[in-house]
Structure formats: structure tokens, C-alpha cells
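There is one chain below, alone, in C-alpha cells, taken in the form predicted on its own.
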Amino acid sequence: MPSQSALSPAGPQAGRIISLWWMMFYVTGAVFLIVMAFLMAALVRRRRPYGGAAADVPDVRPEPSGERRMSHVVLTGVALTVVILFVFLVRSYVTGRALDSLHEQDHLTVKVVGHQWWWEVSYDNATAAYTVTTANEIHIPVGRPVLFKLSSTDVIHSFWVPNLHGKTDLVPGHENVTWLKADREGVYRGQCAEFCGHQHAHMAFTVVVEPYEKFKAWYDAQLAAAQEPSTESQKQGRQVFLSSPCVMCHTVRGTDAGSRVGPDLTHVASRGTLAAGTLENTRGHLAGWVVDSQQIKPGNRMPPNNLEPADLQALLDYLQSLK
């Protein structure tokens, strides 16, 4: 299972954020306990007998020495509050500067575009032939800085990988940037953190952090066009794909399907999930998604597909061969 916990940092930015969070947690926790202790002491010392009337309470005026002690306690509390808030301010500022300090020449650039409700991911390269486009799954090499360029095609989304960094908004018509670096291998779950519509809760993605050699092998595989069908069923499935409404929305490089409305399916079988983290990528889930995705993720932009059983099985054979 992918990890999704801000309390388990796997990169320098997440480490700085959780360090600030723990400091605030311990300080505010201590303040809460002290205030509760003073409150209990006041209740015990000044408790009025049950049923007593106000007239029965003697008029006891505090002595000047007691008033002075109380004034000192109040002033001490105010002073400590100011000091604590100032420390929080300075520590937050230092943490914010540190989060924005990860700028290195030798970095990877990844463009992420938010859609309702999925993530388009492309790896920037000066040579167009070496640009990789995928969806809902991001691979990065461990220990190497990554520059993310974030934008949206419809509404405001928010890019958040709790184990690796804080949140950055994707704003229509504007490109935001954030840096990310992972120090530990693993699979980490990301999530849209800004309410973006009906299926906001089902707009997730995964970040796969792996050694550079594995990342390079994955990248090279993603550069290739879709492999040719090796069985008659896969050939029939490709024909079903190319003659159905699928080609109106999806790309499969190496075929006539070249639309970019929906996710690129050239290597869809290599991904761990379907529908932006909603389903595990299995044959059964893929069949349900192809036939009627609205039953799984209501409101998404993919219409139902009325396919004959034989055509559906052939299409599944073809899609599952796209690795």
C-alpha cells in the first residue's frame, strides 16, 4: 500500500514541515496543560457551596499583596504568549525559506496538469521525441531534485504528497512551481487537497521513488510506442478500440488514436491504479470502468460503452498488453 502520512517524511521539505509541526504541537500542548492546571486550581479554591445565594457570600476584598501577585501572573502569561508567538513566527519564516531553497541545476522537470478528476503528467525535455506523457502516476529518482510545473484546465486543484512536501495550488491560466526531493525509496500517495467538484475525493495519484537505474528503465519504456498485438484477440481488441468512441478522447502512440481529452493509454497496463487512484489496475476493474465508469466514479467525463461480450474481452486483452 502506498504511504500517505505527513508524520513519516521521506524528503527534506517534508522533514522541515514536520519538525515545525512537532514544535508547535509540544509547545501548544504544554500551554494547554498549564492553562487547565490553573483553571482547576481556581475552581478548587473559589468553589461556591451548592445552593448558596449571592447574599450569603461574604464581601471579601483581596488584599493588595494578592492583587499584585495576580497582576504579575497575568503579565507573565501575556509576556510568555508574545514570546511563544514570536518564536512561532521566526520558525515558520525560516522553514518557509528553507522549503524554497531547493534550486539546483541538475534537476528533473515534470509538468502536472489538473483535470476534473485526474492528473496529466509529462516529463519536460528539450527534445520533443524524449518527452514522456502519462497519467496519475509519477516516477522520480531517489535523491534527485524535481521541479514541478503545475497548472489546471478547469478549476483550482491542489497538489499534495504528504510524505514529500506541502500543498501547492494548480490555478487555471497560471503556472505555479514547487520543488520536491525524495530521500527514501517507496510508493507515496498524493491527493488533490482543494475541493474541486463531485469526485474531489477520488482524485489521487502515486509517486514512485526508485533508484536512478530503475527510473531510467521506466522512462525508456515509456518513450516507446505501444507494442504491436501478439495474439489474434489483441489484434481484434485494437480494432475495437480504434472503431469505438475511445479514440475520441485517448491517445495510444503508434496508432491512429491521438486525442488528448482523457489520459494517454499507451502504457496503461504499467500503471498501478485506474481512474486516478480509485481502482487497482486489474482486469475486472478495467472491465467495469470501460463498460460504465459512471457507476464507479459518477460525474467523470467518460461515457458508458455498450460493447458485445466478445469485443469487450478482446479490448481488455489489448489494453492489458499496453505495458
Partner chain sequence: MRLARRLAIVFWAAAAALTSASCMREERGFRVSPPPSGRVQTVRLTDFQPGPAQPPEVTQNAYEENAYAVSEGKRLYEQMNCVGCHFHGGGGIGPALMDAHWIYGSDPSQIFSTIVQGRPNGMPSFRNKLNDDEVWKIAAYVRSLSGQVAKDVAPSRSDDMSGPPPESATEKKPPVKSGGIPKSAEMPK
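Quantities reported herein were computed from a predicted structural model and do not represent experimental measurements. Positions refer to the first chain, counted from 1.
Below, we turn to the form predicted together with the partner chain, even though it does not appear here.
Asker: Quick one: of V187, L102, L147, L242, which gets a non-hydrogen atom within 4.5 angstroms of the partner chain in the model of the complex?
Answerer: So the residue touching the partner chain in the model of the complex, by this definition, is L242.
Asker: Considering non-hydrogen atoms and a 4.5 Å limit, which listed residue (V247, V142, V208, L108) is close to the partner chain in the model of the complex?
Answerer: Checked against the cut-off, the match is V247.
Asker: Given that the partner is absent here, state which listed stretch (134-142, 229-237, 210-218, 247-255) has heavy atoms within 4.5 Å of the partner chain in the model of the complex.
Answerer: Checking each option against the 4.5 Å cut-off leaves 247-255.
Asker: When the contact criterion is heavy atoms within 4.5 Å, does Q295 count as touching the partner chain in the model of the complex?
Answerer: Answer yes; at least one heavy atom of Q295 falls within 4.5 Å of the partner chain in the model of the complex.
Asker: Could you run down 174-199 and flag each residue that has a heavy atom within 4.5 Å of the partner chain in the model of the complex?
Answerer: The one in contact is H198.
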